[in-house]
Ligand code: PMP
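Take a look at this single chain, the form predicted on its own, given in structure tokens.
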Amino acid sequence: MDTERLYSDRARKMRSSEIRELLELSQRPGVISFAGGLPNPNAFPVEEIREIVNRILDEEGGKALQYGPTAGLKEFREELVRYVGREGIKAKLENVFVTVGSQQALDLIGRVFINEGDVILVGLPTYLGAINAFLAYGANLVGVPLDENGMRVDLLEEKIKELRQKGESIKLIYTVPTFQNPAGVELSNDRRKRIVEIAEKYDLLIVEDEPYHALRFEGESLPSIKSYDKSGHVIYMATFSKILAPGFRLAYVVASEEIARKMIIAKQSVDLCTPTFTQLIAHYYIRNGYMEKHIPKIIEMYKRKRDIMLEAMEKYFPDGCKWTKPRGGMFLWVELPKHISTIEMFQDAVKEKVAYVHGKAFHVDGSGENTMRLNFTNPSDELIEEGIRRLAKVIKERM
């Protein structure tokens, strides 16, 4: 059968995630993987969840196993209103809805806002899941460089002016402001305020993707971009995958009532409803104070792992390599000398039984071939140093 003839134009644009394919190689026996963006299984609160599950099945079993509203359970959304309120985000029930992971939220944004050729402004580098979600709807992704303080908002405004002069249709700005995936950098407070001013000035949306906000190891917590939004220009997204359990596939969106309603309508044709069972578990977990006790334990574990990786890199990596020193999150970013391709080097690394994600995958302009992302949260403490030693050997051979 000629299936290619039958595919939609949108399906022809779809591409497999490079990270997913690399993960298959990184899961070979004996390979120490820094490739995946995986939380550590030891961070999952198994016993607490077991206790909550038993209680829910005893008290609300019928409800837990039934369909639910598309926007999410009312009591869970009410809890989320209080939860984001502690972050300075003023929201009502009508502003909040639940999604099956943040990736679904990104897809819904594509469905609702992106026409073929619309410009989406993203960081250089930026999250690969967002790149793939937006490209599937025909977006024209334009990169804005990052530095140690996150997206260069001065260059962002220059880029907007340039694109407007060319008659381009610009829809939104996508950013991961806190401990960015993949670079690990943090958007400064001044830039958070300024990006809202830019969005209001040019009447653009900001998609604020905040999966790592709670995973701060040091430094003062910064206000969300959404907390500066007075005109409904910011769509805020967050997830429980990094602080509770990724297997629950629970995330949420905070947006203006109009935008939230339109995205919920789009969601109706995707999944009808988010799983009721996992929402009840998360609701109980937050309401009864489990989350507040659990997050410090994750932070302690992940900070230790970050420190082990940074110390190993100082010990083993050759001169000419640069890397970020993130104050939280799950990743750090490595820049090698310009002549080294981390794409070509990957097979050498796998032979040495160590894996990473090459940086070009995160660049919408085709740059970044000498960069790579390393995840420090998933490997055991002992394997982090050994993995960095192996990786340093491969880099030295290339140099």
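In this text, residue numbers run from 1 along the sequence as written. Bear in mind the structure is a predicted one, so any value in this text is a computation, not a measurement.
The same protein has a further form, the form predicted together with this ligand, not shown here; the description that follows concerns it.
J.: Can residue 186 be called a contact residue for this ligand in the model of the complex at 4.5 Å between heavy atoms?
T.: Close contact is absent here: in the model of the complex, residue 186 is far from this ligand, nothing within 4.5 Å, heavy atoms only.
J.: How about residue 102: is it within 4.5 Å of this ligand in the model of the complex, going by heavy atoms?
T.: Contact check for residue 102: yes, within 4.5 Å of this ligand in the model of the complex.
J.: Even though this ligand is not shown here, does residue 76 get within 4.5 Å of it in the model of the complex, heavy atoms only?
T.: So residue 76 does not count as contacting this ligand.
J.: Taking the shortest heavy atom distance, is residue 120 within 4.5 Å of this ligand in the model of the complex?
T.: Close contact is absent here: in the model of the complex, residue 120 is far from this ligand, nothing within 4.5 Å, heavy atoms only.
J.: In the model of the complex, do 181, 209 and 249 all put a heavy atom within 4.5 Å of this ligand?
T.: Looking in the model of the complex, the three residues 181, 209 and 249 all sit within 4.5 Å of this ligand (heavy atoms).
J.: For the chain shown here without its partner, which stretch in 195 to 203, 268 to 276, 211 to 219, 138 to 146 has non-hydrogen atoms within 4.5 angstroms of this ligand in the model of the complex?
T.: That would be stretch 211 to 219.
J.: Name the single residue among 224, 132, 95, 239 that comes within 4.5 Å of this ligand in the model of the complex, judging by heavy atoms.
T.: After the contact test, the surviving option is 239.
J.: Using a 4.5 Å cut on heavy atoms, which of 280, 71, 106, 254 is close to this ligand in the model of the complex?
T.: If I apply the 4.5 Å criterion carefully, the residue I get is 106.
J.: Counting only heavy atoms, which residues in 109 to 128 are within 4.5 Å of this ligand in the model of the complex?
T.: Stretch hits: a single one, 127.
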